[in-house]
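Okay, so here's just one chain, in structure tokens, the form predicted on its own.
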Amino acid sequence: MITTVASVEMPLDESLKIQKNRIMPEEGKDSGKRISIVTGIHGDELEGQYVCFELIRRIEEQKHFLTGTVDIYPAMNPLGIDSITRGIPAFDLDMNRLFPGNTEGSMTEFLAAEIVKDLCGSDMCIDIHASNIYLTEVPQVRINELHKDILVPYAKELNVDFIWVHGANTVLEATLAHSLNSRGTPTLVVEMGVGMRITKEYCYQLVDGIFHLMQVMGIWQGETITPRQPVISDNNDDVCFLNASVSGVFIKEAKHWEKIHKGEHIGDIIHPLTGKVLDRIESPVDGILFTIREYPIVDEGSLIGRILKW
């Protein structure tokens, strides 16, 4: 059942609508549990679009296994999705810096407030993001340490490769996840793939994980996968950041999400005019490369990758 969560009038007799698809179990099978799948807060992050499609498709094919409510919100920022713009077009605003919103505020604040109101009370919310156009991320859950005791056990069921627990001083209080977690609605933030693209294998991995989590929560009775055992980091010192020392074109050599040893070749920054290698990038530590540069043009200081120290 498709319903409108929030709507505001726009110029030229148009309306901006945020919609959800609510899938209910057959009569007599409702456990009373609800899971909400959220994506499209950033309009250039498209991985979640395919996750929503595949999740709905699989549920509808085997709806007799459904024992709870699944709410799917594919486009929290529909104007951004339509224009493939990270923020809200014309307002130059990052929607994930507007929560929990204000029903008496501006149009964008009103929409944020209505979204939070609709999601509150879910037994679980999964907020799906992709990286930007510059970086590729392995499927991971990011959690702030304020809520790790509640969220890490759920995250372990989600079939991701990595769980990254951030320090409290890095928490952005205006995000959807922080607003919901602070109100007692457990919310997991998933990061995976790359901006403006859809990585189907990552989407399938996450969809499998969502079904498994639904099974654990009593929302799904069908057969599910055994989830991967994720690597968990709860120490910011465990992560090594690689930044470009010079401007140029980055040519990667290392493979994503594989063990890498200190001194191993990660890639080169080259100069196409002179034919010279400006910098050979080598791993400063033993670890796993979980973020890698996708967009090849770099400036001095640009992020090349992140390594989880082993």
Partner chain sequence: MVKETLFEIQSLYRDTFRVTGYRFGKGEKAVCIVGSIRGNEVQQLYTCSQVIRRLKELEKAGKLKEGKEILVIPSLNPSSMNIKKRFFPTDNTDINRMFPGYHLGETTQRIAAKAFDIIKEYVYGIQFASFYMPGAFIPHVRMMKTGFEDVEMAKEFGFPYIVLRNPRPYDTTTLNYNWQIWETHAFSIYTSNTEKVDEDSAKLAVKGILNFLDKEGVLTYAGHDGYISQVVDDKDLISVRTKEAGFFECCVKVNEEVHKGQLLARIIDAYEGEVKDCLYAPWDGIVLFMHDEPMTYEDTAVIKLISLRENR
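Numbering follows the first chain given and starts at 1. Computed from a predicted model, the values in this text were never measured in an experiment.
Unshown form predicted in complex with the partner chain; subsequent notes refer to it.
The candidate spot formed by Ile35, Asn159 and Glu253 is out of contact with the partner chain in the model of the complex: none of the three has a heavy atom within 4.5 Å. The chain is drawn here without the partner chain; in the model of the complex, the stretch among 254 to 262, 45 to 53, 22 to 30, 238 to 246 whose residues come within 4.5 Å of it by any heavy atom is 238 to 246. Although the partner is absent here, Gly121 sits far enough away that none of its heavy atoms falls within 4.5 Å of the partner chain in the model of the complex.
Contact annotation: Arg58 falls outside 4.5 Å of the partner chain in the model of the complex, judged by heavy atom distances. Mapping the unseen interface onto this chain, Ala174 counts among the residues with a heavy atom inside 4.5 Å of the partner chain in the model of the complex.
Taking the partner from elsewhere, His271 is found to have a heavy atom lying within 4.5 Å of the partner chain in the model of the complex.
If you take 7 to 34 and check each residue for a heavy atom within 4.5 Å of the partner chain in the model of the complex, you get Ser7, Val8, Glu9, Met10, Pro11, Leu12, Asp13, in sequence order.
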